[in-house]
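Below you will find one chain, with nothing else, as structure tokens; this is the form predicted alone, and questions on how it binds or moves follow later.
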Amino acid sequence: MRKVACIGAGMTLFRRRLQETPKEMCWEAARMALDQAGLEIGDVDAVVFGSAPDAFDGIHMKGENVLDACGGIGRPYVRVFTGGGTGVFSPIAAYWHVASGLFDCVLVVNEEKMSSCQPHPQSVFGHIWDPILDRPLKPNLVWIFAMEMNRYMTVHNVRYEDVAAVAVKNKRNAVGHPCAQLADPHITVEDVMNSEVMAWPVHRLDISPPSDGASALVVCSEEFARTHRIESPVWFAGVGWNIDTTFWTDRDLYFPEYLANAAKIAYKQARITDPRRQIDFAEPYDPFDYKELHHMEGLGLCKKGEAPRLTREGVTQRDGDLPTCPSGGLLGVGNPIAATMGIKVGELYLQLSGQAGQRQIPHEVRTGVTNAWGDLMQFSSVVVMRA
């Protein structure tokens, strides 16, 4: 397979009820990514588009609706949808297209317009449950994940203060992000602990906000990067994905086996045998604060139950030994589901190319890992990148 690089990234503001249409957001993010790479749309061979359910925008075939804004007219195009995992899986799809030799340059555009769904985006998820086994219980995502959070805390005897510290860290990290929705330099653990209980033990400030937004990446071959004299390409070192059964009641939720399996695939390709030693920083998927801890362990960055201690000791701070979510993550920047590509794979690119601005990790980093998490606690996609 050919070597594959990321050479540009773009991202809109993440906000609730942005005035821009999905097409306008897609165009803005795509234009930013192309500008950073020094390219025009004519240099692109194919387009990958990623989004979560069409129901957010209130239309079917959303990808085709925004295709012109993504530069996909007259080009090979594919839409990727793996729920919350889309933000990392769509760059993987672009990677395939280039690594296979089929295309030299692929533009990836991810978009989400969650505020179109009334009265709240949560109502979309009322239709994802098994109609026989789950739907009679009238579940929603918050109380489903509250059960997972409670199980994780119970098995490892985790203090709630250590979970809340993740929200504090990420919202403070987001202060340096120009697109951030909920950056807060003054938030404290007490603020999180005293916020409204949504479904015990989940409080309001444990949760990332619904958002509108778009992000884009330019992915290309080694030869294309060399021919176009790209100064700071960042290389895909390994990719992986895995899906578990949809029946969440059949699994012990304290550990994400699906993520551990996806990470093993990515690490094997990247020749990583000791993630804690060989990976310099991480952007784990953090729609809830406990998920950063959960995903750190699933990624093999620490032992099971050890992530809260690393957080408490400052290891995961931006200037720590293992910076984790230096972007601010979903908790600080926002959560337009598929468009979180910009603060996951996009952040790996920006950090490894030294272009992260105020949020740049202060010490040298050469290897980063990110993941995204989708469906009903069952799917994860993983990307490892190197400078």
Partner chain sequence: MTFRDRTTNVDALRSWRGDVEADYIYTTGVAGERFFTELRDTGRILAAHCEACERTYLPPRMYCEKCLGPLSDWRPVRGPATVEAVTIASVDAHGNRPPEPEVWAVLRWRGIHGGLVHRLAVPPKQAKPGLKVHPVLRPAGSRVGNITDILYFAP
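Nothing here was measured: the structure is a model prediction, and the numbers come from that model. Positions refer to the first chain, counted from 1.
Keep in mind that the form predicted together with its partner chain is missing from the display, and what follows is about it.
- Message: Looking at Leu322, Ala46, Ile361, Met32 here, can you tell me which has any non-hydrogen atom within 4.5 angstroms of its partner chain in the predicted complex?
- Response: Contact check passes for Met32.
Exactly one of Pro210, Pro139, Pro233, Gly300 has a non-hydrogen atom within 4.5 Å of its partner chain in the predicted complex; which residue is it? Contact residue from the list: Pro139.
Original post:
Applying a 4.5 Å heavy atom distance criterion, does Asp274 contact its partner chain in the predicted complex?
Top reply: Although its partner chain is absent here, Asp274 would stay clear of it in the predicted complex, with no heavy atoms inside 4.5 Å.
Report yes if any heavy atom of Arg17 sits within 4.5 Å of a heavy atom of its partner chain in the predicted complex; otherwise report no.
Yes.
Can you tell me whether Gln122 touches its partner chain? I mean in the predicted complex, with a 4.5 angstroms heavy atom cut-off.
Heavy-atom contact with its partner chain at 4.5 Å: present for Gln122.
| message | in the predicted complex, does Thr12 come within 4.5 Å of its partner chain, counting heavy atoms only? | response | Yes, contact at 4.5 Å.
Can you pick the stretch from 235-243, 173-181, 158-166, 279-287 whose heavy atoms fall within 4.5 Å of its partner chain in the predicted complex? Result of the contact check: 173-181.
Each of Ile187, Glu190 and Met385 having a non-hydrogen atom within 4.5 Å of its partner chain in the predicted complex: is that the case here? Zero of three within 4.5 Å in the predicted complex.
* Asked: Are there residues in 117-133 with a heavy atom within 4.5 Å of its partner chain in the predicted complex, and which are they, in order?
  -> Stretch hits, in order: Gln118, Gln122, Pro131, Ile132, Leu133.
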